[in-house]
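Before any questions on how it binds or moves, here is one chain, the form predicted on its own, in structure tokens.
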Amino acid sequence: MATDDTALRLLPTRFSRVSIGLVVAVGVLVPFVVSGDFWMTVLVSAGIFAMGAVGLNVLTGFTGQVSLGHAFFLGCGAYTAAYLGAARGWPLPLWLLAAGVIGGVIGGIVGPFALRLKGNYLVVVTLGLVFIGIHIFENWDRVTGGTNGTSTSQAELSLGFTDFRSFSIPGKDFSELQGLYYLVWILAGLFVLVSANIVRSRPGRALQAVRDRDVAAEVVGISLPRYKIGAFVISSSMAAMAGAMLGVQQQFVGPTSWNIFLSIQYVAIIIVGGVGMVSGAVLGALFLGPLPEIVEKYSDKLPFLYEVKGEGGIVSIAAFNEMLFGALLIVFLLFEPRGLAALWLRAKARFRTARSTP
């Protein structure tokens, strides 16, 4: 009996294919239009957040395992870029792949805890990773530079004949930030493609079965150890590669950057974007990822904010960012728990209905 496999296709409709084509075209053209360092930094940050959020969505959105340890894996990737890419001079593909492998191995070690713990208990265990990571980053001086941190400015960013720090096409010379923008979003696109294919495959359906009814999934023959640990490996590997690119963007890696607020940022991104939707991770990253940078940039327009105590204002910029993330989380959980992706799907459905109505 023939079956309709439309639902399993990556781009099942003409509308989806046209939409993706337009998104790619806009993404390619952005550096031709945006040249200011601030907005290019914002877009690079959004791409890096998208990379890490796609990975967290595999773990939390598709497998139902809530983790607050994402910052630890990001830090592992950043220090890998510093140690292998900047200090040892490894080429881009090798140090980036090494970051992914290291993150995946550590995720595989942490993953078995997910077999015995769930819910709040798993959250506490993954939260402990952040504090363990900070301690390691501060004290493993030979690799991390200790409390002084280490530079990533010399990390190789060449791929084949293309040096993303400085490349050009006829009539256009690109800055380092613009080159990094292309590199980051190419990687983010690959992560989205990998994640979307996982979701459409048999393992992806098994992950979602584990999320929805883990006991029932085990009864029908789905291996909980295989899929829960596998989700941790994939998520932590993607997070480590995102952290490697974040370290390169910042040109410096310090131990205090990989804190609990960074983990909460990623959780907020997938909730606001849409938990369990690949597009939601990207939408959330575009909306929330660079928000702290934008708030800091325009803090002088908000008289109640201050950067240094004693300058006036009643709330620090850092505290305001935390409050803003908390408020957005509450608003979306109360009024649109499926996130920005659901708003997009609803708008698309209305467009189709309006177009088909005579």
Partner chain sequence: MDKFLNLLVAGTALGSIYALVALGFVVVFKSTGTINFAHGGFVLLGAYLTYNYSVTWDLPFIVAMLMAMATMAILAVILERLVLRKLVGQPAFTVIMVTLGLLILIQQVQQSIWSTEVLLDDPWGTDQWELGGVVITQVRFFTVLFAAIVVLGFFLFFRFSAWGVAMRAAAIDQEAALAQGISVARVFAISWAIAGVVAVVAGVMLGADSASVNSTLSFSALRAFPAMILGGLDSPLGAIVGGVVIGVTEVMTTGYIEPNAEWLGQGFHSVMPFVVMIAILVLKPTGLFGSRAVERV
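Here the rigid core means the biggest group of C-alpha atoms that line up within 1.5 Å when the two forms are laid on top of each other. Fair warning: this is a prediction, and the values are worked out from it, not measured in the lab. Positions refer to the first chain, counted from 1.
The protein also exists as the form predicted in complex with the partner chain; that form is not presented, and the subsequent description refers to it.
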_Contact assignment for the partner chain in the model of the complex, among Ser175, Asn139, Thr162, Ser151, heavy atom within 4.5 Å_ = Asn139
*Taking the partner chain in the model of the complex as the reference, which of Ile102, Leu127, Leu157, Ala86 has a non-hydrogen atom within 4.5 Å?*
Leu127
*Interface membership of Met40, the partner chain in the model of the complex, 4.5 Å heavy atom rule*: no
*Indicate whether the partner chain has at least one heavy atom within 4.5 Å of a heavy atom of Val143 in the model of the complex.*
no
*in the model of the complex, Val26 touching the partner chain (heavy atom, 4.5 Å)*: no
*asked:* Although the partner isn't part of this model, could you tell me whether Phe287 comes within 4.5 Å of the partner chain in the model of the complex, counting any heavy atom of the residue?
replied: no
*In terms of non-hydrogen atoms within 4.5 angstroms, which of the given stretches 290-298, 63-71, 44-52, 28-36 touches the partner chain in the model of the complex?*
63-71
*Within 95-134, which residues come within 4.5 Å of the partner chain in the model of the complex, counting heavy atoms only?*
Phe113, Leu115, Arg116, Leu117, Lys118, Gly119, Asn120, Tyr121, Val123, Val124, Val125, Leu127, Gly128, Phe131, Ile132
_Relative to the superposed rigid core, does Val66 relocate between the shown form and the other one - that is, does its Cα move 2 Å or more?_
no
*Post core alignment: Val30 C-alpha displaced by 2 Å or more between the shown form and the other one*: no
